[in-house]
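What follows is one chain in structure tokens, specifically the form predicted on its own.
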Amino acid sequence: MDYTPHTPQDVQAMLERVGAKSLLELFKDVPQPILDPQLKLDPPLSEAEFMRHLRELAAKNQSAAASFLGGGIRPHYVPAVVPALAARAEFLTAYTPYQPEASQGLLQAIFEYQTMISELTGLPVSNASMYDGSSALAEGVLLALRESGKMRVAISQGVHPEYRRVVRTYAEAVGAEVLTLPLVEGRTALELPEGVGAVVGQNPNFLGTVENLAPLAEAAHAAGALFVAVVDPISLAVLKAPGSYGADVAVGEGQPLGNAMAYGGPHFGFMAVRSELVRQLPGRLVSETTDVEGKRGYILTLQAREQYIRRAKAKSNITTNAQLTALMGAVYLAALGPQGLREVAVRSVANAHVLAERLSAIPGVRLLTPAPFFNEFVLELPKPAEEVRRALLAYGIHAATPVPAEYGPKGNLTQAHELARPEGNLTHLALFACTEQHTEADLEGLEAALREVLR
């Protein structure tokens, strides 16, 4: 009651209206442990005491000297201009810019973001952003099912295992069936099951392999399905854009674009589609227009949530977009430009190949991801990957992300399994990642530490 605007008179009027004598009677059906949890809280602190307490807690954090963890979240450099511009007061907002006339700066920033994502992916329409890569993929799959009118999804095993689990969760809610396309020597098999409405591939895939997804897109279209490509935004500076090889929808994780790793989030997801699919697009779409005086302005053109349109016509329940993190992505792309982004990609590729060569020269270590790969690769280790990952922490290094056991000893799928729990996953396969930020000293440090751990 201390934190609500209702006066005692307001509460009494409400109780009389509903026929309850007291709040306790009103909430009588709520279990007592929930109604009165008996919280054991420390005594209140002053602001100065509280700030001192927070600093003491922060001092307990252990930060690694370098991170080589694979799996899509990586330590790219964030230029100082990114937080400096993204934190300006002009971009501050409590929520979605519902009143365009009062939010022109923010709407223009979203419009510029959409334009750059469209240019990256080679697809003409981008929405205002999604929450993250996995939910962007799930929404992309639902889009494809709505458009195709079919309820079967064929998803490559090369797609991030956690992304596939999110897709299964979304698909179950609408009664769609999800089938897995196995990897053969690290690449997606092209035999599609009958009746598929959505086909999904990832490039580079979860094991780091650079796949040619054009044949998979062709097979999807021949089967009457839409093709959804999961892509790394940095890789698009050196690899073909999904729009160029027939993708109907492109989605991905935006963290590499100007966002810190931040223990896994918050980040943003992106989605771009063919023009014909704009009415199926989830989330929001900002467009450019002119006002009555002929001046340029920006508006929210599409809002496909059931809050705004008839429920039967709604495309998604996503309530907004990841505005701040997507804005940081837009500033990052604008600051680097096409050439700068390419330099980041090329440096990342070079570092990854140098590291792979060094680590695979350690006795008992084998490189399984075929070259050329982008900036992540899989090594087979003589010890369990989880054991190695934990041991490297003692050297101040985050590395050796365990590869789920479903991929088998060589990254080939023999039968589909759910993602193994870390504590039960004794796989000897580990993912490593490199970015433009890793120095020669970082590479040497990881090599030396891994040699010691594997002795």
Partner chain sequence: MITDTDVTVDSPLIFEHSRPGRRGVLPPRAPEVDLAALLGAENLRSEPPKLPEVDELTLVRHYTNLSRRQIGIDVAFYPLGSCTMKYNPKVHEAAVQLFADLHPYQDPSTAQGALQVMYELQRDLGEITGMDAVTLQPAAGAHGELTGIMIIRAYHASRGEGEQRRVVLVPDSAHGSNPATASMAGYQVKEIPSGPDGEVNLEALRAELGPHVAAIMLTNPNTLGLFEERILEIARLTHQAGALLYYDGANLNAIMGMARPGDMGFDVVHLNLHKTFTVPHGGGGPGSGPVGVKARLAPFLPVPVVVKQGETYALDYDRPQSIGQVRSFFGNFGALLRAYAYIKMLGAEGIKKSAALAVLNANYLKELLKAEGFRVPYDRICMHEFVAQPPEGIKTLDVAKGLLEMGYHPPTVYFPLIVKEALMVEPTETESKETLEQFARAMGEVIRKDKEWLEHAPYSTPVRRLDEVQANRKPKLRWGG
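Numbering follows the first chain given and starts at 1. Note that the rigid core is defined as the largest set of C-alphas that superpose within 1.5 Å between two forms. Note that the structure is predicted; figures quoted are calculated from it, not measured.
Form predicted together with its partner chain: not shown, discussed below.
- Put simply, residue 139 is close to its partner chain in the model of the complex: some heavy atom of it is within 4.5 Å.
- In the model of the complex, its partner chain sits within 4.5 Å of a heavy atom of residue 163.
- The closest non-hydrogen atom of residue 334 lies within 4.5 Å of its partner chain in the model of the complex.
- Residue contact with its partner chain in the model of the complex: residue 180 places no heavy atom within 4.5 Å of it.
- Only one of 184, 238, 223, 362 comes within 4.5 Å of its partner chain in the model of the complex through a heavy atom, and that residue is 238.
- Contact residues in stretch 15-31 (any heavy atom within 4.5 Å of its partner chain, taken in the model of the complex) are 15, 17, 18, 23, 24, 26, 27, 28, 29, 30, 31.
- Once both forms are fitted on their rigid core, the CA atom of residue 26 lies 2 Å or more apart between this form and the one not shown.
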